[in-house]
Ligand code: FPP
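In the form predicted alone, a lone chain appears below as structure tokens.
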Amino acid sequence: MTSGLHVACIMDGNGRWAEHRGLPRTAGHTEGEENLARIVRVAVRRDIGWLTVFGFSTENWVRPRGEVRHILGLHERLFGRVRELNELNVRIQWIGRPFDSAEARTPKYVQRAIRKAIHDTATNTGMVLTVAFDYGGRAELMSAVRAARASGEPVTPETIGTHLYLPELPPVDVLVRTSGERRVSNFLLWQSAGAKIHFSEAPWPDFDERELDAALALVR
């Protein structure tokens, strides 16, 4: 069973990173996906037990269609990095609106990539990388309350916890937000209730080993 710190990252600033360089916003998202791969490697070296990243929120669907298509393709590629994840002994999982729910919007081809990645890394025993896609903290809490009521259970903190999207996800120890923003943006509201928060001025593509160590210093 994986133990160790749970670090959660709101990967903000990809578009601004690109705009500051005179590049299209999609270039920033591409670089952000590459930086996630770099941060995963660093997190493994730091013996982090759980790394959860905010890939795409329930609110992000209103972005320009071309940008959304690009981000979807990047997530398909992210979930396709199975060989590297296996070499790192990383198990991948996903958190978001269930594919069979009426509100879910994850395209079929991304669903297939998610399921395959979960299956192909299921026996790994190292760090757990959880990607939040089509995820919103309020939607998760509403779903948990509805499920508790439907089962006839009283709505308590304990029953809500058992009906979250991923009940096994441990409490967040440190929450990271990049690009100078000072807000948590509907991310892991329940799981981050007691977390330390590290606000970084760096946009996500520039978030590096030094920045991660600064976040870890809050809890180590």
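Since this is a predicted model, take the numbers as computed values, not measurements. Just count from 1 along the sequence shown to find any residue number.
We do not show the form predicted in complex with this ligand, though everything after this point is about it.
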| item | value |
| --- | --- |
| In the predicted bound form, the residue from 128, 117, 85, 71 that sits within 4.5 Å of this ligand by heavy atoms | 71 |
| Candidate stretches 155 to 163, 51 to 59, 168 to 176, 187 to 195, one within 4.5 Å of this ligand in the predicted bound form by heavy atom | 51 to 59 |
| Heavy atom distance at most 4.5 Å to this ligand in the predicted bound form, all of 97, 139 and 143 | no |
| This ligand contact at residue 16 in the predicted bound form, heavy atom, 4.5 Å | yes |
| Any non-hydrogen atom of residue 63 within 4.5 angstroms of this ligand in the predicted bound form | yes |
| Contact flag, residue 36 vs this ligand in the predicted bound form, heavy atom cut 4.5 Å | yes |
| Residue contact check: residue 92 to this ligand in the predicted bound form, 4.5 Å heavy atom | no |
| Sequence-ordered residues of 18 to 45 touching this ligand in the predicted bound form, heavy atom within 4.5 Å | 25, 29, 32, 33, 36 |
